[in-house]
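Here we start with a single chain on its own, the form predicted on its own, put down as C-alpha cells.
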Amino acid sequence: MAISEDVVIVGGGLAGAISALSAAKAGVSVRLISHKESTLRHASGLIDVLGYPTEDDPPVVNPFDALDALPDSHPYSVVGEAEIREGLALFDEITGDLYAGDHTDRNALVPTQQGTVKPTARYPRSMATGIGNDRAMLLVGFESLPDFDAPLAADHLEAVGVPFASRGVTVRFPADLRADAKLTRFATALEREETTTALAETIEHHIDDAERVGFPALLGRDDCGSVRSTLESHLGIPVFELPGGPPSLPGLRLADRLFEALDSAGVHLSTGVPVVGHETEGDRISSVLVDRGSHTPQPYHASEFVLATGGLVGKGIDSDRNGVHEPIFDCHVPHPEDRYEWFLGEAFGDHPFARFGVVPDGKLRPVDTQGNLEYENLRAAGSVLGGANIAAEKSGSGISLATGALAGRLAAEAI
C-alpha cells in the first residue's frame, strides 16, 4: 500500500523532531524518516542559542541582544527573534522538568568535563547545581573512565577564573565493570541503590570543605533524578552532572523525550532507512524515495516536505572533487570553485566550509543560483541551512529549534 502523509520530514535529529512536532501540533498527518541513530547521542545535551557572535567576541550574556551583529545570510536573520523564541517555547513544552533555563534570556555558564565553561540557554536540570555562585566544588572521576580527568578539569576551571574553589579526585568505581566498559554500563550500575550507596561512602571521605559535588554525566541511564537524590541524601550536599563528549547520556535522555513526544503527537516514524532520491510533478516534489532493502526504492508521498538532514558532519551536505552539494534534492549550495578557498591556513579560524549549506527564502524554501525556488513545497531546517558557523558560535541547537518549529508550522499551513 502506498505511503502518503500531509507532511514528510527527512531527518531524525533535533531539527527534524521539532519540525515534525510543530507540524503535528497544527493538526496534519506527519511522517518522520530517519536513517542512522539520532545525532543527539553525540551532543552534550545543552541547548546553545548563541554563545559567540564572532570568533573574537567574549561570550554573550543575552543571545537576543547579539542578533543584530549577525550577517543577513544567517538563519537567525532569516527567521527573526520571534521565531527563535517560538522554537524555545516548543522545546520547553516538550521537555518539561527535564530541562532548566527558561526563567531568563541570559546565557548560563555551565562547567564542562574539559574544565571549561560554556554559555548555553537551556541545560539539563541534572547540571543546574554546577552553574555559577561561589560554593566550593569537588569533581569526581573514576579510575576506569580515562576520558575524564577530574583533578585536571578542576585545575582548568580555576585557571579560567571561575568564582569558586574547585578540586578534583579520582576514585575506584564501586562495581565490577570491564576496563573498556561503555558509559551506559556505569549509568545502569548506578541505578542499583547498593552501588550508589557504595559510591557515596567512597566519596564522603573526600568532601572536606566542598559544598557541591560534580560527576561526569553518567548518574543513571533512565532515572537520573533518583541517583542524584540518593547521593545527595548520603553526602548532605547537592550533586550535579558535567556535560562531556560522545556518547552522551544527556543527549540520549533528550532523544528519548523527543521520541516520546513524537509518539504522543501521532507522528509516524520510519527509522533505519535512507532517503535516496525524489520524484517531482512540475515544480513540486511528489515523493521521496526510501531504500528499504528491496530492488526498487519505495516512494513516500506527501504534499509538503521538510529537509532536516544536517550539515557537512551529518552528511546532509556532501562534498567531493567536483564541489559541494545537497544529495537528496540537489539543492544549490554556494561555495568557492577553488577547493583551496574552502579552508583557512590556521586550524581554528572561521573556515568558509563551516558555513556551507542551502540558501533559504523568508519561508525557509531553498533557492537556486538565481534566487528562484528549488521546489514550491520543500523547506529546510537545522544545520543543512548555510550561513552560520554553528561550532564557533555555539548556535546549532537554537538554529535547529527556530527553523524546525517554523518549517513544520509553515508546511502544515500550506496543506
Partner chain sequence: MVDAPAVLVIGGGSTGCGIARDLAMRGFDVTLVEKGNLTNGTTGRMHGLLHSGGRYAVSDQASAKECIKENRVLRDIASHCVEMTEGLFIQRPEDSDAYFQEKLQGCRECDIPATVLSAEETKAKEPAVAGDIERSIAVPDGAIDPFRLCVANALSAQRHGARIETHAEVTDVLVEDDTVVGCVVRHDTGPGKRTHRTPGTTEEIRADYVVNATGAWAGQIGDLAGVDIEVRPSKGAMVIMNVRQVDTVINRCRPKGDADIIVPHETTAILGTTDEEVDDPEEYPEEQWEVDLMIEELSELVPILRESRTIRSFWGVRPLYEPPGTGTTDPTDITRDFFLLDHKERDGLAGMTSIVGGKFTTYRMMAERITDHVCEQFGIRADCRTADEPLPGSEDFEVLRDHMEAFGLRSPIGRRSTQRLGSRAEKVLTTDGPNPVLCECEAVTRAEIQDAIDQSGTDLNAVRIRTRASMGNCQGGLCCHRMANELHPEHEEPTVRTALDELYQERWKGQRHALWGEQLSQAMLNHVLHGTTMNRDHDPARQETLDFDAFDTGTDRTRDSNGD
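What you see is a predicted model, and the numbers here were worked out from it, not measured in a lab. Residue numbers count along the first chain shown, from 1.
Missing here is the form predicted in complex with its partner chain; even so, the following discussion is about that form.
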Task: R292, K182, R192, H301 - the one with a heavy atom within 4.5 Å of its partner chain in the predicted bound form - done: K182
Task: Answer option from T271, T116, S264, S286, heavy atom within 4.5 Å of its partner chain in the predicted bound form - done: T116
Task: Stretch in contact in the predicted bound form with its partner chain, which is absent here, among 25-33, 64-72, 385-393, 357-365 (heavy atoms within 4.5 Å) - done: 385-393
Task: Complete contact of E5, E81 and P336 with its partner chain in the predicted bound form (any heavy atom, 4.5 Å) - done: no
- [ ] Examine H205 and determine whether its closest non-hydrogen atom to its partner chain in the predicted bound form is within 4.5 angstroms.
- [x] no
- [ ] Determine whether any heavy atom of F91 comes within 4.5 Å of a heavy atom of its partner chain in the predicted bound form, and answer yes or no.
- [x] no
Open item on the list: Quick check on G236: any heavy atom within 4.5 Å of its partner chain in the predicted bound form?
Closed with: no
Task: Touches its partner chain in the predicted bound form: S319 (any heavy atom, 4.5 Å) - done: yes
TODO: Pull the contact list for 123-150: residues with a heavy atom within 4.5 Å of its partner chain in the predicted bound form, in sequence order.
DONE: Y123, R125, A128, T129, I131, G132, N133, D134, R135, E143, S144, P146, D147, F148, D149
